[in-house]
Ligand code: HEC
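A lone chain, given as structure tokens: the form predicted alone.
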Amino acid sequence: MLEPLFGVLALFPTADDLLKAIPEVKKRGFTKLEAYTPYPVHGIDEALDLPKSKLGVLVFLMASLGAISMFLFEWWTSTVSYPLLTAGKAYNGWPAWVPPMLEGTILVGTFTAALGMLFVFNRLPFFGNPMLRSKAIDRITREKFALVIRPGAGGLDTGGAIAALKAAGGEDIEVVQAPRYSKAGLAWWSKAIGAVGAACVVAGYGTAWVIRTFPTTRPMVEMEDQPRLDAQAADTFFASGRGMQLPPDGTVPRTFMPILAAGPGDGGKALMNPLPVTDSVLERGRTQFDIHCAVCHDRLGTGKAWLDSTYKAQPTDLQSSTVRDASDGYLYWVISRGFASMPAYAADISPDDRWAIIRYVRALQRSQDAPMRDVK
């Protein structure tokens, strides 16, 4: 039985010759054409009237799906399954999710491009393209450019196709037959899957054998025993001999405002209480006052210490006119830096808590010397 006709093939020396030949062949009534080139040729799709490939659309859709999937995965783990507050960031801090979203986009898009091109559009694993049996295939893959006239619905006039290709400047014209191939059955798929599985087993055991046999071979040794800096240990990598480095001079924590005033008087002029007088602020100030201040200044701020006679210091009476007349900035400086026998509390009380304590002290002062307008 004769093999069916695949087409009539002609070779062209350059890409320009191929592009010029296509419209010439079309003028003779042959419109079902295919081109084979050793490298991509710009404009060949338009010349052959080929529809735009749908691979780009498929890659875009799947890459978008990868990005959305990673976003939902990060959202679920960070806000629902395992919420963890890190560096003060919100649980749903999406900017931190951009790197995994990018990786998901690239991963899914890359696999879609490769597998879609191979299995969807090229219909692999069919490896029986008739062009592989042509005499010109070795030159097509290196230096020549081929144009093939394919049979249409009514067959193909072989003589007319040969004449058309010759008139367009074609060389080494040949008629290519399409061999008959049977579809891959269960036996073929079993062999293919078995071969892939065997290759994976050999690769896995081979890699394990190499690592065990040559344990100091680079880069395996670097992957297993990597140099590192331990936070609390000595290390010769830095000149200071420490693994953990001190911050540069003048470094302050985020949201921390250093006190630049040299003394309480300057502090009284430069510092202002940023907290409003609200129930929540006063309650916060009362809690901190009872924890840090009441033991020396009394719960009402009278300066009557709760400690025994061995405590010789004389706490300031917060109800005195001196303290009443002092500004909030003055008191803030004293709490932060300390004054006389009072130690500095900047390391123990946060800035907002210090301001809240001052609001509460003002409330205490007013409670012990309230004007008639406050009496209801």
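What you see is a predicted model, and the numbers here were worked out from it, not measured in a lab. Don't overthink the numbering: it's just position in the shown sequence, from 1.
The discussion below concerns the form predicted together with the ligand, not included here.
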Here the chain is shown alone; which of L318, A35, A63, M70 has a heavy atom within 4.5 Å of the ligand in the model of the complex? L318
Of V323, A47, V59, V41, which residue is found within 4.5 angstroms of the ligand in the model of the complex when only non-hydrogen atoms are counted? V323
At 4.5 Å between heavy atoms, is C293 in contact with the ligand in the model of the complex? yes
In the model of the complex, is there a heavy atom of the ligand that lies within 4.5 Å of any heavy atom of H297, even though the partner is absent here? yes
In the model of the complex, is there a heavy atom of the ligand that lies within 4.5 Å of any heavy atom of Q314, even though the partner is absent here? yes
Is there a non-hydrogen atom of I357 within 4.5 angstroms of a non-hydrogen atom of the ligand in the model of the complex? yes
Judged by heavy atom distances of 4.5 Å or less, which residues of 130 to 163 approach the ligand in the model of the complex? none
